[in-house]
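Given next, in structure tokens, is a single chain: the form predicted alone.
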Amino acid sequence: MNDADVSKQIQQMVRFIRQEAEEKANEISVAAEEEFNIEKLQILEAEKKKIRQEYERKQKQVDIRKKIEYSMQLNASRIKVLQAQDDLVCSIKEAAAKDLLVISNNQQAYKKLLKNLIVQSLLRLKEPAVLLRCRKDDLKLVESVLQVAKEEYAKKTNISYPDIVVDNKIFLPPAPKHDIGHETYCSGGVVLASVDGKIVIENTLDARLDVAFRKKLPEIRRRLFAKIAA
């Protein structure tokens, strides 16, 4: 083999090695680019997941805040409605209390009512001796019906007349001079108690209104607010 043949073979070997090197370098470049793209996609998906999670977290916070605000507004509305209902119920009771003030204006009717209240109190006490208190303005009317009240009580119970002591030193509060306010007052009626003071029957018009109003309150509310409840 002469020098020309040797040179030719060397050049072929060089071209082969160069081609192998270029192909290998190309393979490495392609593999690196694929790996880079995969890693870039993974990072991108991870970031997207973080963004979605953050968005969902903030959306939940917004939803919770909206629910809390709605609940607070709903409760505030309910409180306003209940307050308005209570105000209306109170106004009805106040109107009834004002009507009580005129009952004592009719002497004959009020005299009969006082007698009935005394008899009713005696029947509830069933004591041989009792203490009676009334308004100062009603003292003469009360004294005028005492005997009749005793007789009616004795007739209903078949026992002797009870001893009724009218307190002429301590009286029930008078009726209000003007509109009903926060001062202590009494629209009429009587209070009877056992001598030892252990049993007290408050049979004033105001006390009877309170009892009647408490008993009738569910029915009053039902009639007033039936449409609202529906």
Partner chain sequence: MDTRQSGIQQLLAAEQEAQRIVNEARNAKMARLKQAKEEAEKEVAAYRAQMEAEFQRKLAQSSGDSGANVKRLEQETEEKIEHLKSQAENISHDVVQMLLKHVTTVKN
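Take the two forms, find the largest set of C-alpha atoms that superpose within 1.5 Å, and that set is the rigid core. Residue numbers count along the first chain shown, from 1. Because the structure is a prediction, the values reported are computed rather than measured.
The same protein also exists as the form predicted in complex with the partner chain; that form is not shown, yet it is the one meant from here on.
Residue in contact with the partner chain in the model of the complex (any heavy atom within 4.5 Å), chosen from 155, 126, 80, 136: 80. Scanning 141, 131, 113, 148 against the partner chain in the model of the complex with a 4.5 Å heavy atom cut-off leaves one residue, 113. Using a 4.5 angstroms threshold between heavy atoms, residue 201 stays clear of the partner chain in the model of the complex. The shortest heavy atom separation between residue 168 and the partner chain in the model of the complex exceeds 4.5 Å. Although the partner is absent from this view, residue 96 contacts the partner chain in the model of the complex, with a non-hydrogen atom inside 4.5 angstroms.
Not displayed here, the partner chain is approached by residue 205 to within 4.5 Å at the level of heavy atoms in the model of the complex.
In this stretch, 187-201, not one residue has a heavy atom within 4.5 Å of the partner chain in the model of the complex; the partner itself is omitted from this view. The rigid-core alignment places the CA of residue 15 2 Å or more apart between the shown form and the other one. Relative to the superposed core, residue 24 undergoes a C-alpha shift of no less than 2 Å between the shown form and the other one.
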